[in-house]
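Quick setup: one chain, the form predicted alone, written in structure tokens, and binding and motion questions come after.
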């Protein structure tokens, strides 16, 4: 599938199976979600550029690699995307954080923006959009649109689950944006939820129903 990387690491797939179980407690769901976010972050940053710098160990001076360029921006789509944030910040503690507030209108499933705040100099930073459920693709497209309007040029989407429909929507509007996902589920139900999916991520993560 062009423009999509399915992260098939055994730990990711194992934790995703646990996460899917409807009997999973809120605490356990939240913990697993954060752990998967951290593992996905490891994969999506695999090709970050490095430069050599001189350091001194207790025994000798040496040239050693460090990340090049400005710090990344993590851009969770509120509220479900916040579940990935803690795990990713544990790997990228100096990353900047943008917040993209979108909700899905229940009847039309159109994404409606209610909040947006992003760091300066987006054009010089890699932006990771944290969007756990790439269902219809409407929210992902709206988030990328908004970030590009604010200057972002290098954007990647990190999600837990995606659908062929959502992937097609994003790639149709933003062919330059690559998608990383733990799995691609086959369909959406009438309410726009991914099937078999994990249910409503926000409700399961925060205990709201």
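Numbering follows the first chain given and starts at 1. Keep in mind it's a predicted model, so treat the numbers as computed, not measured.
If you look for the form predicted together with a small molecule, you will not find it shown, but the lines that follow are about it.
Proximity of residue 104 to the small molecule in the predicted complex: non-hydrogen atoms within 4.5 Å are present. Using a 4.5 Å cutoff between non-hydrogen atoms, residue 88 does not count as a contact of the small molecule in the predicted complex. The small molecule in the predicted complex is not approached by residue 12, whose heavy atoms all lie more than 4.5 angstroms from it.
A residue is said to contact a partner when one of its heavy atoms sits within 4.5 Å of a partner heavy atom; residue 135 meets this definition for the small molecule in the predicted complex.
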